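Below you'll find only one chain, the form predicted alone, shown as structure tokens.
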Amino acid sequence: MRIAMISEHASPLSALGGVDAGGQNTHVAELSAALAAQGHEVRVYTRRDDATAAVVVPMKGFEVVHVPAGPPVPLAKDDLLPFMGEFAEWMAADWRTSWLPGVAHAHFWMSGLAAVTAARRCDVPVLQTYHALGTVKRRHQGDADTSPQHRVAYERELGRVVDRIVVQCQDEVSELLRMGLPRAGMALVPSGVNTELFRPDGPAEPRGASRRILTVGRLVERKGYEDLIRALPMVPGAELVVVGGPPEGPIEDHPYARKLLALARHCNVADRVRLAGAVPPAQMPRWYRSADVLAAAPWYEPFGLTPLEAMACGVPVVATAVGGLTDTVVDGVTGDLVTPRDPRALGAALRRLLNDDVRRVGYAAAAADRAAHSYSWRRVAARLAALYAQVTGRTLTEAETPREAVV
């Protein structure tokens, strides 16, 4: 099957760690590679942000297509809406003249606008994954939300016109129902994890004698790093290592990094807080394996890949009970869930787990098992391929139907 992935701002080729480069980039890249490995022909359409970039770039069995929409320079994703018409026009022309897909899968709401516009001209069914919803962002960020004014209205209308909404967790289902979208139009397929890269066995990053709490993500306020630092005095003898930051430049030059270090000094834990900065994706398993626990304390999280990566490496998780984390982390089995924005609850959960070796080892084994058996990209891709076939009315070939599609 020919599958067009539309990811207007999150290119599989982008370096992770920037403000707009994170989980969606990884999701699109890994999903496309897994579908290609199962015999599908996949193209990812993303906006050209570099005048020197080739139009088509091969990558892990699929192709990345740079769409000329707007100036060929990096732009914040919230500034891309005016160029989605141009994006759709170019993509529709490409589909009509050289590469007509059997199905289009849009990632993020602006990608959905472009995909629906192009698909109507080429009679291509469209599936939509939001990755994040404007209602949730507005609720948690308030006036700090920089989304275009009519984002929520666009998201609601997209949900009504696409052939299927691919939701990633139960929390998203509830949010979409509150927006007035019908449950019958949704299919729950979570994001996945690369279980060949993220696995319990393998080398670990060197560490000292202190128990290690690891947290991973972009350096933005909503990830809850300040709550973790405020919780650290309740976990004596443990170190907090923060992995994430801009892909270039010293971590100390980042404004939010400086704020975190100042808070650590204020809380008298500066000697136990380490900002490791950006780490290449291939090196991340070493960091996960070096940890006693992965802490994920976001205020909100549409899905959350880093807890799943830690689980696949056999690391228990203490996470806030928000978004997709309530699906991936089974409370009392693979980790512990706590109330968001509550440093005392976070500190108590971390202290209890780090002081209980039996519980921690049990969580670790269950976490690795859950990640491998429920969230491998091979399994997720097979489920999506079956959904694509259902929407298009075609039958997958035997080569396109791995065992996971029918389990």
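The first residue of the sequence shown is number 1, and the count goes up from there. What you see is a predicted model; the values in this text were computed from it and never measured.
Beyond what is shown, the protein has a form predicted in complex with uridine-5'-diphosphate; the following relates to that form.
> Going by heavy atoms within 4.5 Å, which of 119 to 127, 97 to 105, 328 to 336, 278 to 286 lines up against uridine-5'-diphosphate in the predicted bound form?
Replying inline: Among the candidates, contact is made by 278 to 286.
> With a 4.5 Å heavy atom cut-off, would you call residue 320 a contact of uridine-5'-diphosphate in the predicted bound form?
Replying inline: Close contact is absent here: in the predicted bound form, residue 320 is far from uridine-5'-diphosphate, nothing within 4.5 Å, heavy atoms only.
> Even though uridine-5'-diphosphate is not shown here, does residue 244 get within 4.5 Å of it in the predicted bound form, heavy atoms only?
Replying inline: So residue 244 counts as contacting uridine-5'-diphosphate.
> Even though uridine-5'-diphosphate is not shown here, does residue 12 get within 4.5 Å of it in the predicted bound form, heavy atoms only?
Replying inline: Residue 12: no contact with uridine-5'-diphosphate in the predicted bound form.
> Quick one: is residue 194 in contact with uridine-5'-diphosphate in the predicted bound form, heavy atoms, 4.5 Å cut-off?
Replying inline: No, residue 194 sits far enough from uridine-5'-diphosphate in the predicted bound form that none of its heavy atoms falls within 4.5 Å.
>> By the heavy atom within 4.5 Å rule, which residue out of 113, 216, 240, 264 makes contact with uridine-5'-diphosphate in the predicted bound form?
In response: After the contact test, the surviving option is 216.
>> Can you pick out, from 26, 32, 46, 38, the residue that has a heavy atom within 4.5 Å of uridine-5'-diphosphate in the predicted bound form?
In response: Looking at the other structure, the residue within range turns out to be 26.
>> Where, within 299 to 320, is there a heavy atom within 4.5 Å of uridine-5'-diphosphate in the predicted bound form? Residue list please.
In response: If the 4.5 Å heavy-atom criterion is applied to uridine-5'-diphosphate in the predicted bound form, 299 to 320 yields 301, 304, 305, 306, 309.
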